[in-house]
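For reference, the chain that follows is the form predicted on its own, supplied as structure tokens.
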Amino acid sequence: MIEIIRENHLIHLRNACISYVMVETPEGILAHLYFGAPLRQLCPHGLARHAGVERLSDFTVQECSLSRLPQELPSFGLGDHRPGALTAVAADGTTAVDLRMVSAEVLDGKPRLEGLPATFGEDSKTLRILLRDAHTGLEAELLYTLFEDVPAIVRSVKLCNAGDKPLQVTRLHSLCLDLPDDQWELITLSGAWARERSISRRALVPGFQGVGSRNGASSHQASPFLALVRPHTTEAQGEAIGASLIYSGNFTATVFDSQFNTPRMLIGLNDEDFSWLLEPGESLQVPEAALVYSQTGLDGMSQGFHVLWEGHLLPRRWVHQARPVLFNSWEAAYFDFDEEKLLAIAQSAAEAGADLFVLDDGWFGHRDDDYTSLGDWYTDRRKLPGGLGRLADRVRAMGLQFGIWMEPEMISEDSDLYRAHPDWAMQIPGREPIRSRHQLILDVSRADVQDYMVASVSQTLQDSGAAYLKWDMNRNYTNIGSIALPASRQRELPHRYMLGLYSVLERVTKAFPDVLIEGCAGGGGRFDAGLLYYSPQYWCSDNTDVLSRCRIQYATTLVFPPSTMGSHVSAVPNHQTARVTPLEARFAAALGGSFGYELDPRKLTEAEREDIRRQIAYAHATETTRLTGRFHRLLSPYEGNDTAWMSVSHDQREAIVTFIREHSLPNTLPPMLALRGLDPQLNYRVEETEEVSGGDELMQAGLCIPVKQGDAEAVVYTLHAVEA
């Protein structure tokens, strides 16, 4: 429920999981009081003393520093010397913004955000607050949405220039949260290509700390997420506050610890090299951010995010729909294939029990390497003389669905598209383009480019009848310029690009609602909540090595549920690390996400092919629990030699437990693994050992895990509730 308590100017959002409390000061400043465990009520006396006065009615900007006041949308220039959430340059060149409360109202449900992916839900209430700067006419609309039984608040900001002179917005963050003490540690997810989303945890220090991206994508280097946790917080206990931005482009996620030891958490658009011109009457909507609170450690925070995304963000068509077990052609063939080779791979996949065959890069234009043909989305008849349609029909005749790879946002200089439309590439006139991966980026901010992308993707899906589309994006921004934008709006290009991409995806998903889109950006370089609104699973990383994937997938589940992680069994030696690991370990790691294979099944032994048939049958049988059950991380690869996780069905009658040991240890006893999430009153049969134990025993004493000698050894256990 959302209460607006007029007599003491309080606003209280609460459900069974959380409370979020704000107050309007006597001068109309919107201040933050509390975010945490649910409260019956809260009085603002503590805030007054915290801000340096005896009573809130005594607070005035003239007498008290805004640097002491926790605020919902702080700005710079009128006394708050901490980093603000908003900066706007007025026509006279000054940057002071003074936003005061105008109105607050409660809406049923949740308004759509113009041009942006966002959460949805009929079981929600939304608080709409209007703030206004009387001097410039700048207005800010804040939306706060509360869902039933989800420990989260989602917030967004929309600016409107209601004045009579232009304004230049140079900073606008989606979320600001001021906290009363700095006894927290900061968790971020950082990395690189093939090392995406590594967990970093450190104590807060005075000043700035955090992550961000200026790459044009949320990036391999950083994830649009941060969390504050108490020093004693573990997976299973302690407070945690997490914030995630529903956006796929340049972002910043920071904490500023002030001189008063009061940290300010900010997340939103990256303001480096950003500005947005607001002419009178124009508006700017920024992405939505989700804020999750947990009293039960990182496990509780993650489950809060998982429930939010699964219930209120992912395409509803796919949340509870079975995901196909797929074979992808990339590591099996790369660019070197013809129709008969692809059909032979597909036939082997069909015999193994797979559901889907995916044709990756190399099928279009005259594409024999990565130097050519991006943008020419017509079939290469040298390789596929019968066209894409005939190949797809022959694959479907084997009992498989057909899938296709595209990289619609890119263009090769050696392409018919570039020869016809060189102006469609992102470029700075007079400067030599930087050809990362031998390709350029289409200027997706342009309506004509968006129309071409929609037409190309649509034609490919129609010609092939594809049930699956792998949407890739393989390079960072350079030469950031658009010949379609005036000089005054060039710094809007990165955000306009994302708005254009979201528009394209909106049109494609509406036209082809039954096509499963798996996102990819050189692996996991754009794995974020913004893209998951359109593509319910994302290729987690180009690195498919077991031990690398333990770390990548473990960290990814801090924010995202297993169903969103594309995870495949690949060949050995691994193509990214050259490591040789057992097939059973590769299977165990891949089973942690949306499952598939990235290898040539024709090159396997008969014993390995039989193992794969067994693996696929198991993946099918356990899919619902693995991908949509309640997920728990048990042992962290960042803290020891072992990794373990489990998923429990919502009725607590089935559980899948995975354990992977990185390095073999001599002269050790089998570990006892304490499980979580079971019903302590039920007994469970471990199908692989036929042993029966109580749920309380498995969670308190643990499950004994005998592991074979050898590096990267793994076991997967299936637990079913049985009658006592």
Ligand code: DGJ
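Everything numeric in this text was worked out from a predicted model, so none of it was measured. Sequential numbering from 1, following the sequence displayed.
Missing here is the form predicted together with the ligand; even so, the following discussion is about that form.
The listed set 437, 421, 579, 394 contains one residue whose heavy atoms approach the ligand in the predicted complex to within 4.5 Å, identified as 437. In summary, among the residues 361, 239, 133, 376, the only one with a non-hydrogen atom within 4.5 Å of the ligand in the predicted complex is 361. Look at 279 to 287, 538 to 546, 260 to 268, 174 to 182: in the predicted complex, residues with non-hydrogen atoms within 4.5 angstroms of the ligand sit in 538 to 546. For residue 472, a non-hydrogen atom is located within 4.5 Å of the ligand in the predicted complex, even though that partner is not displayed. Mapping the unseen interface onto this chain, residue 330 counts among the residues with a heavy atom inside 4.5 Å of the ligand in the predicted complex. A residue is said to contact a partner when one of its heavy atoms sits within 4.5 Å of a partner heavy atom; residue 520 meets this definition for the ligand in the predicted complex. Proximity of residue 405 to the ligand in the predicted complex falls within the 4.5 Å heavy atom cutoff.
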